[in-house]
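Given next are two forms of a protein chain, the same chain in both, each as structure tokens and marked structure 1 or structure 2.
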Structure 1
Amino acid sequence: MKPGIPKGTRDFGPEQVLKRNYIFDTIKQVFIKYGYQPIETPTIELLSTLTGKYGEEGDRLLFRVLKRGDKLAKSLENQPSANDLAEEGLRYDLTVPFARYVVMNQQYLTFPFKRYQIQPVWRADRPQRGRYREFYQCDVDVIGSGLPLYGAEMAQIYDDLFTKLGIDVIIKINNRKILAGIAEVAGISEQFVDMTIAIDKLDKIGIEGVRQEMQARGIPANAIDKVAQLLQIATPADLKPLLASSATGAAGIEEVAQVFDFLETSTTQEVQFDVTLARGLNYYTGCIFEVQAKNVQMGSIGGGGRYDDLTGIFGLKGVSGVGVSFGAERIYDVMEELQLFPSDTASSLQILFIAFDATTHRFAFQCLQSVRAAGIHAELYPDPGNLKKQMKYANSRHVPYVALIGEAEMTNGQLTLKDMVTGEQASLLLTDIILKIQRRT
């Protein structure tokens, strides 16, 4: 049988894993810097937890887990629907499981509760560049406060992280209340969800496609014209008089203004208001965020927003939260395309020992123990003698230093250290080699 893996999933070799870990470690450092704590939730959640939280498209993309044993056999007896065959599903995102976690553990938490979570999620999507069925999300959320301070903090986290990774981005901000105000002014408040679903596809299908989508959803032509007109407004100040008749829209404009006030002197990346930003998930109620990389064709590499009562679905009413997510897979692809990974990221090995014969090989093994004891990642090539073969291995491992040990090195205790980047060689005592690598690290 020819081996294979499911569409939309990927294997990762050592070099790729090391680069991904560089992204994860950098993200984690930023999360911790801002006072967030780690949690983890199960891969499988009850379908009752997942369904109805993400909108119609989200429900369609859920991976459902079949019942097992007698439960499955009993369900199959009576022409079952898909929902009859499954009680559980793979998590679609990390936010809804987080809300469930908060409700189940509220007596142990101190609010506002700030958490981060780095785990894989699954979506039965059509695989394409930058879109996978299995991928990691890196989420940061604070729950228990609706203050605009935390909305600004989310933008700061995006700014901080992408600056550290060397990615130039645009951080876009809008507010679902502004979109609700647009629906209200257009006279289609009851079709708000239909409107936002259409607007969320703007970057893929263009404004004419959005018009057609709204028309297909039964939105009247005059309302479509009004919505299209308002989607062309560039700033909250220009939008404010046009939404004056909507208290909800005015509240959204004020919330966006407060976030920008906090961010006035605290970000280096570009932050801009975008009235067309919709975010398709139904649970967002306030400020929403999306991040796009400059200089590369890629979808959003981050997104999130405020939710006023997501925990209310699980029985804890009136608890506001806000959070954002980083798309690790797309960030990886962007960094690969723009060659942003540090040169030493591809190797976990810091030095390779190469011996010329069996006697020096045993001496090299003793040196290896001293280097490892100093906390340095080191390896000894197993077969001494063939220098060309050993150097080829060193190159394939992207090792920065090679220590060459022949009879002279073993006799005088000064090893030949070769810098694999510059090609320079020097004779050094083992203690000096250890210090040199430690300083480099």
Structure 2
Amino acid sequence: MKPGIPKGTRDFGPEQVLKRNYIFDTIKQVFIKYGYQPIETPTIELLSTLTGKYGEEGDRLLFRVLKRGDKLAKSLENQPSANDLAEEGLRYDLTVPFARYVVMNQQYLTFPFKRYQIQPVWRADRPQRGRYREFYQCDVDVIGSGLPLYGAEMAQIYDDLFTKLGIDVIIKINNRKILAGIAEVAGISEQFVDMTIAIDKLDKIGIEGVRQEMQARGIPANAIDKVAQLLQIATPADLKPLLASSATGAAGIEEVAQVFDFLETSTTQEVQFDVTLARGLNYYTGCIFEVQAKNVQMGSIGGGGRYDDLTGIFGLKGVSGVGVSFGAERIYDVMEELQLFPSDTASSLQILFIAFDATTHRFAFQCLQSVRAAGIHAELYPDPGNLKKQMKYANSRHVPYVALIGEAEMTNGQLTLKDMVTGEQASLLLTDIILKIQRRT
């Protein structure tokens, strides 16, 4: 049979895994530095937990897990609908499982509770470029009190991480309340959601497209003009007088000002207020964030915001929070395109031993043990002899150093160390080789 994998899924080779781990590890380091704690939730959740949380579209994209055994047989008896055949489904995102976790574990949690979570999620979507059915999400959230401060902290985390990875970004900030204020001033508070959906498409379809989209969604022409006009304003200060008649809008401006207040001195990346930032997800209620990479054509590589009543649906009222997520898969693509991965990410092996015959092969095996004991990642080619073949193997493994051991090397203890990048060779004692490699890292 011809081998294959399900659509929208991928295999990752050694080099890719090493690079992905580099990103995940860097993300984790930053999360930990800001005091966030890890949690993990199960791959499968009850469908009752998942359905109805992502809208009609989301429900359709849930992977459902077929019932098994007697339960399945029983369900099949009387003309079952799709819903009768499954009671579990694959995790669709990390936010809903997190909300479920908080409600179930509230007695053990102290607030503010800061957690991060890096796990794969699954969506039965139609795959496309940069869009898969299985992909990782990296979420960081804080729930409880002190949220204005944490809003600023989210921007700091973005700033810190992308600086570490060497990606130049623009961190965009807006506030859902400002958008609500705009809707109110334009007299279309009822159509707030329609308005934000249209605005969200701005970078893709331009301002004219947004106007058409709003029109198609039944927003009156004079309101569209008003909205379009307000979207031109560049700073919170300029916007303030224009939204004065809306209490909500004024509150939004105040919140954004607070975030910038906290940030004033401490960012290296560009942080920018952007009224046109909308974010699709409807559960955001306050500040919203989005990160855009400079110098490369790519959708957003991070986003998030402030939300209220995350856990209400599971019966715990009044828990609000702020959180952001990192598009690790897209960050990978950006780093690949801009060649930002450190060169030694590609290989985990530091030295390869090569022997000429059976006797030296045995000697090389002993050398291997000492080098490994020193904590160096080392390997010995399994077959002695055929140098060409062994060197070729070294090359394909991207090993920085090769130690060649023949009869002369074995008797005087001076191994031939070859630098695979420069091609230079030197005779060195094993202890000096160890020092040299250790000094390199």
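These numbers come from a predicted model, not from an experiment. In this text, rigid core is short for the largest set of C-alphas that superpose within 1.5 Å between two forms. Counting starts at 1 and follows the sequence of structure 1.
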Sort out for me whether 1 or 2 is the form predicted in complex with the RNA. 2
Core-aligned, does residue 128 move its Cα 2 Å or more between structures 1 and 2? yes
Under a superposition restricted to the rigid core, does residue 177 display a Cα displacement of 2 angstroms or more between structures 1 and 2? no
Verify the C-alpha shift of residue 423 between structures 1 and 2: is it 2 Å or more after superposing the core? yes
May I ask for the C-alpha shift of residue 91 between structures 1 and 2, in Å, based on superposition of the rigid core? 2.9
Value in Å for the CA shift of residue 52 between structures 1 and 2, taken after the core is superposed: 4.3
